[in-house]
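In the block that follows, a single chain appears as structure tokens, in the form predicted alone.
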Amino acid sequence: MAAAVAATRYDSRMKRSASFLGLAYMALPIVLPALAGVVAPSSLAQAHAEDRVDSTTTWYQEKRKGNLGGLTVVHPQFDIGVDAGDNTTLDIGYSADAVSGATAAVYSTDAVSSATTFKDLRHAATTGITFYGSRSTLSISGNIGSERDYNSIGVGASAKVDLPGKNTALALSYNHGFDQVCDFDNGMATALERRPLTGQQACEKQKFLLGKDVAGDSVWRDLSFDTTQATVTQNISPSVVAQFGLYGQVARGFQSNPYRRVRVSGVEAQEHLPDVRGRVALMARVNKYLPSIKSAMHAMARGYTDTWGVNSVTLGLGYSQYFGNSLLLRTNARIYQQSEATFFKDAFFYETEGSAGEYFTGDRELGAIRNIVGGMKFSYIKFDENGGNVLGVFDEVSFNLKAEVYLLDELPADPIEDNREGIDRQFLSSGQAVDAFTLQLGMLFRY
């Protein structure tokens, strides 16, 4: 299993704990005449509690370079909301990540030759309660996730309020994550002496659940997240709505990949990252409704920076078109580009020059990258405009099919005149039209 597990799973679950993807792809609802008549912040919160069942299954497939083969992720998710009175809803949910594929065991210029295959399964559960007022909502939630070498517990709260006139909506949320990561017990070893997990060590569950160490060569290390987000949603006109958001997060604790090795001046040591990372992001979105053709246009921009030196910009455009009262087609395109962390180097320069100070990493998501994503989502939405039931039971039924394609590019962190192998495309396959794709099937029932 070795570094392969961490090079894929570990980075993705860090994102889940950081709740950063929620900001990156947060969407404003598209409220067309067939649904609500106008685009308004008041549509962001339901007027009263209602029961719902929501289920989605997502399949992500990525092509890897040479012997690395590919990466496959299957993510089923199931959520239920139940009335607990006229103004209260109880929510529970379950999700899983089934991950398989291959990746390099060592970040080096010959990484492809050290490919390692792996499989892993993660389970997660969420619960929450939401209180609805005439112009406000308050939600309290908790979540727990577990896999063999990573566990997480999170709690959070969020609030939304429509200001008088219902042209402006304010929202604020805060979450705290109590995560723990299984790591090799390196004791007092220096950075270049630290050894990674190999997949053979026992990550005993009682270390996490009871806070106790047991005999062995692995230990559980703490990792916490404090995340806050504030948004303002504003009606600009009867057909234009804008949203502005500010996101901040501080992560403290063990953030290195416990499996990943980096070849630094001939030494293959466990990746070493700082224990503290602060993140800040600003986001703006605009939706424009076109009543004459029953469609909407969307635009978004996001800027991000953190204390590790990673800076990024995301730009996105979208278009939604209704066909009749039940069929909705949404298309979208995004471009994302980021700079590398201050301590990130291409593998060639780690090997020939050594690390950039105390820290070193083989995480491609801390390197200079550019991604282009394009896709579409087809939805069938059925409800009775007169307030009756659909299929004799439900207030609303919707089925969704979504597909996206990804063009992923690793940019050289240390530009040089000659393009040495292993510098600018360490993991991703080259010479192909599409690097990855996502397919998602979803169903929603309200009653």
Partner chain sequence: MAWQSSSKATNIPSGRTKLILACVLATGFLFGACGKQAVRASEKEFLADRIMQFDADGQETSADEHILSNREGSAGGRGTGGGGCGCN
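Residue numbers count along the first chain shown, from 1. In this text, all values refer to a predicted model and were calculated from it rather than measured experimentally.
The form predicted in complex with the partner chain exists for this protein as well; it is not shown, and the discussion that follows is about that form.
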Next on the checklist: Exactly one residue in 125, 240, 84, 121 has a non-hydrogen atom within 4.5 Å of the partner chain in the predicted complex; which is it?
Outcome noted: 240
Item to check | Residue (of 116, 186, 141, 312) lying close to the partner chain in the predicted complex, criterion heavy atoms within 4.5 Å | outcome: 312
Item to check | Listed range touching the partner chain, judged in the predicted complex by heavy atoms within 4.5 Å, from 175-183, 351-359, 265-273, 76-84 | outcome: 76-84
Item to check | Contact test in the predicted complex: residue 324 vs the partner chain, heavy atoms, 4.5 Å | outcome: no
Checklist entry - residue 149: heavy atom within 4.5 Å of the partner chain in the predicted complex? => result no
Item to check | Proximity of residue 389 to the partner chain in the predicted complex, heavy atoms at 4.5 Å | outcome: no
Item to check | Distance check, residue 255 to the partner chain in the predicted complex, heavy atom within 4.5 Å | outcome: no
Checklist entry - Is any part of 150-170 within 4.5 angstroms of the partner chain in the predicted complex by a non-hydrogen atom, and which residues would that be? => result 160, 162, 165, 166, 167
